[in-house]
Ligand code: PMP
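In the block that follows, a single chain appears as structure tokens, in the form predicted on its own.
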Amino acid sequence: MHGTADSKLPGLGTTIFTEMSALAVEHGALNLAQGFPDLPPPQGLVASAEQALRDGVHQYAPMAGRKGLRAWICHHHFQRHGAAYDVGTECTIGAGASSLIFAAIQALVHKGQEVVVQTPAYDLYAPAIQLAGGTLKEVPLLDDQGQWDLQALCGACGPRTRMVILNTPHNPTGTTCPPGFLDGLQEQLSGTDTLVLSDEVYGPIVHDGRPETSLAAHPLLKERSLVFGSFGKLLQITGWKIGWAVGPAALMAELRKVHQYDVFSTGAPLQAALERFLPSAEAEDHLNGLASLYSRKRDRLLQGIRDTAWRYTPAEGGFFQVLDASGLIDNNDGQWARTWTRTHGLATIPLDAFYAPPHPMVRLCIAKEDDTLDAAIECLRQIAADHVR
């Protein structure tokens, strides 16, 4: 038998990100849909990549990643989060954080075990759980007051819970894990074997002076958790697809069993470039400036539409700003997002691609040059003007 009848993922088609990006290309629209920056990477990093190619770094990197780059990652977590990880056994570099999250779920989730995920959620988690034979258990990320819902998350955890997946700063909502939340989760999981995966690819990109929250900094949860990061997000190089995972040696050993037969290794000259660049003062200045850079981007966008019918809660962190379109349309944010791409030249991501939102909402990527954001503001203002209610 052929076709979808024997598909392992019969309900899945092309992702909304691919669809909206293709629609943007087709209609010459601004693409604030897919989460990639149009900001240039640090020039020292580009020079380091050129040097790596001239140095002849063209063959496989080690399966776990170049040792010097893993050493930088471990130092990064120690410096920022007070977390000690062993370079040899507790850090792995992969083809973006997504490849390592996928490998971790395949390695650690067994048939019939439950994985608790807060919704809306990044669209990788659900199919990875399904392919592993696990059971997805969804809980709302936010309560009625728009705060992270600890009670809902803890209430979903039980004897069949193999894993909890967290994501902060959160994609797509732009919220961040609040103070005390991890303590509450640890109390719920105490005495169990439940694991935690913490997707922290936007890491230090937090707004309004908020502290960076990492599960690596929680000494008790750290011992049952894998934490994931992304150079693509932090250095404006998403096309390089270099990310990492850190965590206890026993969990990392299981992750590597899948990683070695999936990706095995990735981007040797790009890893060499990162290893050369990251200890520099330029790299330190760049990383320390991420929070203020993206806070300014968010503020520029919101300032530009403040007197329109678009509604919003300013994002707390990450690449994205969610806009509430209930002042413009009644429902069908998916239909309207596609229409606005064609008619107003702006591609966004409708939140109904992630879950059933309480209002029609769209997500915009703010990791853009100011000229791009200004052009997007004009599109948003025109959309609002054309939907006066």
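A quick note: this is a predicted structure, and the numbers were derived from the prediction, not measured. One rule holds for the numbers: they count along the sequence shown, beginning at 1.
Omitted from view is the form predicted together with the ligand, to which the following refers.
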Applying a 4.5 Å heavy atom distance criterion, does Lys241 contact the ligand in the predicted complex?
yes
Any non-hydrogen atom of Val201 within 4.5 angstroms of the ligand in the predicted complex
yes
With the partner left out of view, is Ala245 within 4.5 angstroms of the ligand in the predicted complex by any non-hydrogen atom?
no
Report yes if any heavy atom of Ser98 sits within 4.5 Å of a heavy atom of the ligand in the predicted complex; otherwise report no.
yes
Go through Tyr312, Phe264, Phe78, Tyr122 and name the one with a heavy atom inside 4.5 Å of the ligand in the predicted complex.
Tyr122
If we test each of Thr213, Gln188, Asn171, Gln236 for a heavy atom within 4.5 Å of the ligand in the predicted complex, the one that passes is Asn171
Note: the ligand not shown here; in the predicted complex, the stretch from 84-92, 193-201, 144-152, 279-287 having heavy atoms within 4.5 Å of it is 193-201
